[in-house]
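The chain below stands alone, shown as structure tokens; this is the form predicted alone.
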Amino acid sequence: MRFYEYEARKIVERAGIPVTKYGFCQSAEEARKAAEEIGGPVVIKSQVLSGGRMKAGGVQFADTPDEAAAHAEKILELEINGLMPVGVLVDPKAEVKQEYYAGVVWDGTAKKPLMLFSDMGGIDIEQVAEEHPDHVGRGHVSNLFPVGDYEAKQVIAATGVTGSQLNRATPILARLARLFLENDMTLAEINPVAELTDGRFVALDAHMEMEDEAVGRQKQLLRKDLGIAEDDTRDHYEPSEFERNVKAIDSADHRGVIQGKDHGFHGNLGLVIGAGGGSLTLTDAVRSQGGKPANYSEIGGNPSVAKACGLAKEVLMKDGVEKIAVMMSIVSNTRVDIVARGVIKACLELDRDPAETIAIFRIPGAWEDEGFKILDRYGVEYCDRSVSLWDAAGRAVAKIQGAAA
């Protein structure tokens, strides 16, 4: 679950990390009052769950309350990456001496939270890690034991920060790590942590994400402290027509399961793939060998002929699809002959030659011989388990590239 910046600011404040005075506003008049209370120049920030706010015009600076109200009025009507803001954050334009980065992320490899700190804040930490690795300190913390200040201090000191800066930054990183654990976060980031000209350290911007499965455990934070409604899932994903159609086909028949995604896929090779992690493996294998997938899919659990046919038809009807590759790892509970019947039926119903349309059929397993007899009848190229998933994907790519040439 992702949080808006103004919510993340509250979470940080709740953990005892200093922040500047700010206001969350949903009208121009509220923004004017917030700017008056802050006093001096302010920053108006759009509250959308999307990056690229500055580039889109969703972050504006104002020297007076009237100017703040005018900017807020425009930003509240500004759509960014398909999303409308829920409000604006009015922040003081702080007098910053030095910017730092403090973050805690879940390290899936070590299965522990990882503290990160850099003395080069205000830019992407990935960029700093790549270009200036000696300016990024790292250190894991326990999932079970309390986080000690000394652990945060070691991470910060690794970047060369010393003296009063080290002493002031230490509790911020330590508290960030504690709130990460206490609130089931997968990401807790303050960028920048600002050292102001008066010597104070404050959080100027924060980014938080919570484990979805933890929502039920975090009712105090979500419902009472932040006032987030139970039906506010923060899911702004809009399925494509292809995705809606595949889901409808799957819902109409209880036998087996099919899934399909095509956001971000614009290739010419349709994929009817699945089984035991096969979908990810095969999609990667196609891409790695120069192929251009038109979609991602999963098929398994012994679907009916109608369901296999429905998925294959939806893939074939996508704009730009020239051929389909039907590939799975070894199956035990999905009948090869049924999938073969389904994809051939899809080709015939779309008036397409199965032998020309199916680039490769590689599904070894239950009812394999019967499936191969059907494929033989229609002249479809197929292979058994002696051909690896990688090689089968390569054959499909070679065939469609040959067709394109």
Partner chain sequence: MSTLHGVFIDVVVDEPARSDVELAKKLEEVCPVSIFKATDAGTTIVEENLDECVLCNLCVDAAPEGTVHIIKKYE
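Residue numbers count along the first chain shown, from 1. Take the two forms, superpose them, and find the largest set of C-alpha atoms that agree within 1.5 Å; that set is the rigid core. Nothing here was measured: the structure is a model prediction, and the numbers come from that model.
Keep in mind that the form predicted together with its partner chain is not shown, yet the notes after this line are about it.
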field: Residue stretch of 355-363, 373-381, 66-74, 31-39 approaching its partner chain in the predicted bound form, non-hydrogen atom distance within 4.5 Å
entry: 373-381
message: Even though the partner isn't displayed, in the predicted bound form is L78 close enough to its partner chain, meaning a heavy atom within 4.5 Å?
response: no
query: Is there a heavy atom of M54 lying 4.5 Å or less from a heavy atom of its partner chain in the predicted bound form?
result: no
- prompt: Would K292 show up as a contact with its partner chain in the predicted bound form if we use heavy atoms at 4.5 Å?
  reply: no
field: Contact flag, L226 vs its partner chain in the predicted bound form, heavy atom cut 4.5 Å
entry: no
message: So its partner chain isn't shown here. In the predicted bound form, which residue out of I344, V336, A62, V48 has a non-hydrogen atom within 4.5 Å of it?
response: I344
task: Quick one: from M317, I123, A110, A252, grab the residue that has a heavy atom within 4.5 Å of its partner chain in the predicted bound form.
output: M317
query: Is it true that A306, K313 and L348 each have at least one non-hydrogen atom within 4.5 Å of its partner chain in the predicted bound form?
result: yes
query: C-alpha of R377: shift of 2 angstroms or more between the shown form and the other one, rigid core aligned?
result: yes
- request: Align on the rigid core first; then say whether the Cα of M317 has moved by at least 2 Å between the shown form and the other one.
  value: yes
message: When the rigid core is used for the superposition, does L348 move between the shown form and the other one (threshold: C-alpha shift of 2 Å or more)?
response: yes
